[in-house]
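This document starts with one chain, in the form predicted alone, laid out as structure tokens.
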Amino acid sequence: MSKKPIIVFEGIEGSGKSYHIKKVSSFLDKNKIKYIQIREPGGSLNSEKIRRLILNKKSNFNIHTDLLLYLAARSENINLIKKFYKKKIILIDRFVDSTIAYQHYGMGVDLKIINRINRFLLKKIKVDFTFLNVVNKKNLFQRLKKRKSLNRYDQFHMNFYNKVQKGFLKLAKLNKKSYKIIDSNLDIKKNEDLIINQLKKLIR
């Protein structure tokens, strides 16, 4: 594995992935280790524009438009990822597996279409390690209630989130060596330590 890996943080809404990516960023800053951090959708200037469109509560796209917008946002990030690939640690808040979990397992889009476009976009770029944060129904809704504002993807039915999370778990099972499941229903500090310890193994 590259000592400048691509590390992805995945999980449904309220699972704690954004919290943990901030903690990892703080650890890297403290230790003066070079990295870049992006999110999907978002990251680059144009991708952030697409993000606002996708997540707007007034947006009402069909499932294929939704998919293509997410992949368009990814396309805008590829040059940024290529620029630093294997040169700096790359932290990504959601990536390819989110598209599969949400658009295929959650919304029923043909997996072959998703995989084909992702292969076209990524070429030789590969994710080195993924932290999958999982959460139960109670904690998911408690955390969403604390948010100052909710976007379109924060307001789906629990059945949708269940399908997405099960999709993530299927992906984790297929990629056991490069996946670590973080049970965000447990003590947050223990999970933080677990992630930082795994990070140290990945970069040193």
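Model, not experiment: these values are computed from the prediction. Start at 1 with the first residue shown and count on from there.
Only in words, not in the display: the form predicted in complex with a small molecule, which the text now covers.
Contact with the small molecule in the model of the complex, defined as a heavy atom within 4.5 Å, is made by all three of E40, L55 and Q103. At a distance threshold of 4.5 angstroms between non-hydrogen atoms, K17 is in contact with the small molecule in the model of the complex.
The small molecule is not shown here, but in the model of the complex it comes within 4.5 Å of a heavy atom of R51. Remark: Y70 counts among the residues lining the small molecule in the model of the complex, judged by a heavy atom distance of 4.5 Å or less. Looking at F61, you'd find every heavy atom of it more than 4.5 angstroms from the small molecule in the model of the complex. Of the residues given (Y35, F27, F141, Y153), Y153 alone sits with a heavy atom within 4.5 Å of the small molecule in the model of the complex. Picking from 170 to 178, 131 to 139, 40 to 48, 27 to 35 the stretch near the small molecule in the model of the complex, with a 4.5 Å limit on heavy atoms, gives 40 to 48.
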